[in-house]
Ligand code: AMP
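One chain is shown next in structure tokens, namely the form predicted on its own.
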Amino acid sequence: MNLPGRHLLLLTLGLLLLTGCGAARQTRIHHSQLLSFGTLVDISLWDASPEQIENAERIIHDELHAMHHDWHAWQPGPLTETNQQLRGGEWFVCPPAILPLIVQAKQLYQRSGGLFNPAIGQLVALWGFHSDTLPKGPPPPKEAIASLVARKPGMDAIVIDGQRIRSTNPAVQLDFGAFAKGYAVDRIIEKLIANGIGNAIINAGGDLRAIGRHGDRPWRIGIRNPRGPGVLAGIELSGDESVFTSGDYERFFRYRGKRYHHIIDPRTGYPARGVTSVTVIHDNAATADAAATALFVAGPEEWHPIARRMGIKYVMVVDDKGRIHMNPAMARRIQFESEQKPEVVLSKPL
């Protein structure tokens, strides 16, 4: 599934080699990759047995294969079938692969004040982002955008009764691109823990969750500079944490010198403005994924109250002038990599 736009988080792992008296060297970190969700999924396991590694790779492969099919926004599968039935407005039994996402997405939609809104699939499609290739422009007609925005598709239009659902708004079309990878990472990590793995990172194209440690030190990741080469900052993770970044540079097109990216503001129907990237840390990957999108839409002036409503404690916003907006708790964790430090705007505590 080609889930839209997260930039690549550069994972700093390194291989720790153990030596003993006359013993051969052996690595304690296992690193492999799978191609799914339209991106490379990096798997890093620390101090896992060969049997655990084999089980982990089987679990991850099977889970990603199923989710790629079930949650695809434009290829035939349970999600496209659900969207067809939602347009009719009648009650129907929701596919079991889709219902849990709807339940959690409705909660996150409410907590974000509607800025995280998976119901705007028609707008995403109108902009040409329901395709394996990027659009080339021009932008959609203003009248078509205004017509869809006026119909106010939102997750509150989906009514749930046990296993049955219906939509009170035919403009609703689900697209879980802003949160499905987080949900998927959560599900994979839960299964790895159940199989006895306590130290791992699952990194789905920059959307990652880390558990445990990298030996005697925390996992460390680097966040890419949104408007230049290399790494903007590093973060050390410990325990169980997820890091998600929404950016305007993975899925976009230019038309007559203007950049149009895939993160659509549901209030205007146009790509959100004022921000180049938002990085969020949270213990739940799906929440972090949704929050990164919502705070990107909120922008540098409005992100703080939305983060508080969503229970997010660590936020870094890079605005379109290159300034860094973050709360004090995040500032204590960020380590800027470049010699020339960016301008930092500290918010009130979250």
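Values in this document were obtained by computation on a predicted structure and should not be read as measured data. Note that residue numbering begins at 1 and tracks the sequence as displayed.
One more form of this protein exists, namely the form predicted in complex with the ligand; it is left out here, but the text below deals with it.
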Legend entry - the ligand in the model of the complex: contacted by all of V275, T279 and V318, heavy atom 4.5 Å: no
Inset, instruction - Tell me the stretch among 310 to 318, 41 to 49, 63 to 71, 289 to 297 that has any heavy atom within 4.5 angstroms of the ligand in the model of the complex. - result: 289 to 297
Inset, instruction - Considering only heavy atoms, tell me if D186 and the ligand come within 4.5 Å of each other in the model of the complex. - result: no
Inset, instruction - Using a 4.5 Å heavy atom cut-off, state whether A178 contacts the ligand in the model of the complex. - result: yes
Inset, instruction - State yes or no: in the model of the complex, is some non-hydrogen atom of H262 no more than 4.5 angstroms from a non-hydrogen atom of the ligand? - result: yes
Legend entry - Contact label in the model of the complex: P266 to the ligand, heavy atom within 4.5 Å: yes
Legend entry - Contact assignment for the ligand in the model of the complex, among C94, I120, L108, L79, heavy atom within 4.5 Å: I120
Inset, instruction - Find the only residue in L237, L115, L86, L101 having a heavy atom within 4.5 Å of the ligand in the model of the complex. - result: L115
Inset, instruction - Taking only heavy atoms into account, state which residues of 205 to 230 are within 4.5 Å of the ligand in the model of the complex, ordered by sequence. - result: none
